[in-house]
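First, one chain by itself in structure tokens, the form predicted on its own.
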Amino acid sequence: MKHFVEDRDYAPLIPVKDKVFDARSEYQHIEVYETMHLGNMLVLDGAVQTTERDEFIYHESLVLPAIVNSDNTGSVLIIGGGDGGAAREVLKACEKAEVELVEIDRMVMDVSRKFLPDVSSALQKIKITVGDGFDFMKTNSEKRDILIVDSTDPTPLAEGLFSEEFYRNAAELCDVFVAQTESPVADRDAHKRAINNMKKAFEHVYTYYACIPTYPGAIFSFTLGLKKQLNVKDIDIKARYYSKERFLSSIGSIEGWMN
């Protein structure tokens, strides 16, 4: 039996049937594997991004806490998220929202449309800008209700999206901000750096956690940056992983992960 495993500490061994796509874009190495139990799996530069079986955990955890903490959901900007999963969750919760997605790598979107059709289903319904998210934030002054960062790990391609400068730009352009902030187990330094940088930009910062079995360490984090204190609304949405109770119980202090 063949397996895929990331070259990182705590990475799980994932049984695969075959590699169904393998190419290098202008920016990164893109692979898609047909796995034994998880459906198709998207891999960028050797790191698992999502699988058809468990992607809903990541995408609901990233998006829905921002939705329920926003007074307005009319305009949403997504930085990254080329697989389309974040956009899909926004439109599930707020079908009338104006959504713009800024993705640097067109090939990621093309590959996701072909091999991850359910995840990418919202890409045809939203405005898409192909470009660098960090540069977009420096030059764009349009304010949005919610800003979501669905980035890869802080590799050279995405490290600017974890910087204090980026978070300060974001704080000027939205009332509710959310980003993935890495694993406190497998990427503790990146986790700490992202949250500490966010605290320099936002008055209220809340980190929360989810179990994503295909990611190294299995425990993954997301962080909200708010102008007001946490105020979770009840929303009527069919979610597979998110619930108000699960979200609130997963909020934790990062100090416990820093030791």
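In this text, all values refer to a predicted model and were calculated from it rather than measured experimentally. Position 1 is the first residue in the sequence shown; the rest follow in order.
The next section is about a form of this same protein that is not shown, the form predicted together with S-adenosylmethionine (SAM).
Interface membership of S183, defined by any non-hydrogen atom within 4.5 Å of S-adenosylmethionine (SAM) in the predicted complex, is ruled out. Contact check for L44: a non-hydrogen atom falls within 4.5 Å of S-adenosylmethionine (SAM) in the predicted complex. Contact between V48 and S-adenosylmethionine (SAM) in the predicted complex is found at the 4.5 Å heavy atom cutoff. Contact between A158 and S-adenosylmethionine (SAM) in the predicted complex is found at the 4.5 Å heavy atom cutoff. Checked against S-adenosylmethionine (SAM) in the predicted complex, the candidates E100, D105, D187, D145 yield a single residue with a heavy atom inside 4.5 Å, and that residue is D105.
Among N197, Q28, N40, S70, the residue placing a heavy atom within 4.5 Å of S-adenosylmethionine (SAM) in the predicted complex is Q28.
Heavy atoms within 4.5 Å of S-adenosylmethionine (SAM) in the predicted complex belong, among the stretches 91 to 99, 137 to 145, 170 to 178, 77 to 85, to residues of 77 to 85.
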